[in-house]
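Heads up, the chain below is alone and in the form predicted on its own; it's given as structure tokens.
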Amino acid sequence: MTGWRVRDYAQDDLEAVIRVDAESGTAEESPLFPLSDAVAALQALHPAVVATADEVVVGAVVSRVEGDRAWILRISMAPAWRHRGLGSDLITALEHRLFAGGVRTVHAVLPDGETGATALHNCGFGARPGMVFFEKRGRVTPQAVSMLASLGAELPPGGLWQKVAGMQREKELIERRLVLPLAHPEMAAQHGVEPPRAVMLFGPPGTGKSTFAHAIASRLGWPLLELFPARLAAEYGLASGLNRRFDEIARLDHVLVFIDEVEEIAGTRSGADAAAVGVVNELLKAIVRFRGQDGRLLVCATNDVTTLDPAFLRHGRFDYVLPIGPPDNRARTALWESYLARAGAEADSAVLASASEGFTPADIAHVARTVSQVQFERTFDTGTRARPTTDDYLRTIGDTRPTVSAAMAQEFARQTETFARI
């Protein structure tokens, strides 16, 4: 729980927004846009959002729309609510409204060190060299908004990449191989680097493959469209549905397409099952068409790469085949630290990391959630705030069976040696 709720600005909020704005400034220089501009924009009903905690306004972001461009006029947060992710949530909510309304580019200019600069960085705005000038281009055209909605696509919230705790080795690999060439295609072209078009993530269940797909989309500022084979099969027939969906995807400017458990539609072909052969053939042809366009990335995920049809992993179809395994000790420590901070726990993250060797991020999340629930119930029953200790977590770890067995870990290591392409 964040402790706040973000909603559209209402006219009754004006006085509260002015109050928060007066408390918010952290820079010596005056803002580029005076408060009067922000008030005029609010009165003219330009897009703006506020955050409330216990019905009290604690943050606000105000914009002014000029054609297909928008300026963020003010980013205001009450001092007690800074450095908790509030600014990122406010900016993400506002930019979704702006892009959906036809805005293509959002600008923000702040004095050096002003409130909101970190949030703009976390939401994907880029600072131009030599000046504190933030800019972000919308990846979704107004014409594509309705199509994305009809396809069931989503715009992941900004800052997901920063929220992926631990897994630093995998994050660095994905950042450099995937995100950088896609986010900076001109620079990549200067070095003869062709941005990736498709990547396969493989690893045991619960290691975060789906989380990484959403975080990559958030990092790029692209919509994410997850394909569900069962749904396509029910609506159109699987082979026909894949062909139809990829034709629709081709009309979008930017998109990350995600197929989880891809072995369901890309398993080893057998002559005895003509329908399955047809599905794999259709998917292989769709990937070729998909790779012919810029501004898109296909992310597929599987628990067992050996179940995939050999033709599926050939060079020219997937640029990278990346292993996503259980977190190492450093990553487990980072995961535990994030959960302990959230729960206000008095526990030793290093001890918990050692005790949870072999646990996936999902396993650790389960333990943390279980302990938090017990402490919540204890607080409710006694009326005194209960804070979990190291022993509370260790007991729950001892009662939890890891998702990844020793045999699964050994098989993952073998698959990494045989199939990884990084």
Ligand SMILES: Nc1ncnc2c1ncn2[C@@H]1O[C@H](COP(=O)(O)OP(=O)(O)OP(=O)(O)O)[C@@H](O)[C@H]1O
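Numbering starts at 1 and follows the sequence shown. Fair warning: this is a prediction, and the values are worked out from it, not measured in the lab.
Unshown form predicted in complex with this ligand; subsequent notes refer to it.
Trainee: From the list Gly124, Gly116, Gly241, Pro204, which entry has a heavy atom within 4.5 Å of this ligand in the predicted bound form?
Mentor: The option sitting close enough to the partner is Pro204.
Trainee: Identify, from the list Pro31, Pro47, Pro361, Pro388, the residue with a heavy atom within 4.5 Å of this ligand in the predicted bound form.
Mentor: Spelling it out, the residue with a heavy atom inside the cut-off is Pro361.
Trainee: Okay, which stretch from 283-291, 177-185, 160-168, 84-92 lines this ligand in the predicted bound form, with non-hydrogen atoms inside 4.5 Å?
Mentor: Single hit among the candidates: 160-168.
Trainee: Answer with yes or no whether His254 is in contact with this ligand in the predicted bound form, where contact means some heavy atom within 4.5 Å.
Mentor: No, His254 is distant from the partner.
Trainee: Report whether the minimum heavy atom distance between Tyr339 and this ligand in the predicted bound form is within 4.5 Å.
Mentor: Tyr339 belongs to the contact set for this ligand.
Trainee: Taking the shortest heavy atom distance, is Asp260 within 4.5 Å of this ligand in the predicted bound form?
Mentor: Yes, contact at 4.5 Å.
Trainee: Thr268 versus this ligand, in the predicted bound form: is there a non-hydrogen atom within 4.5 Å?
Mentor: Thr268: no contact with this ligand in the predicted bound form.
Trainee: Just give me the residues of 208-246, first to last, that have a heavy atom within 4.5 Å of this ligand in the predicted bound form.
Mentor: Those in contact are Gly208, Lys209, Ser210, Thr211.
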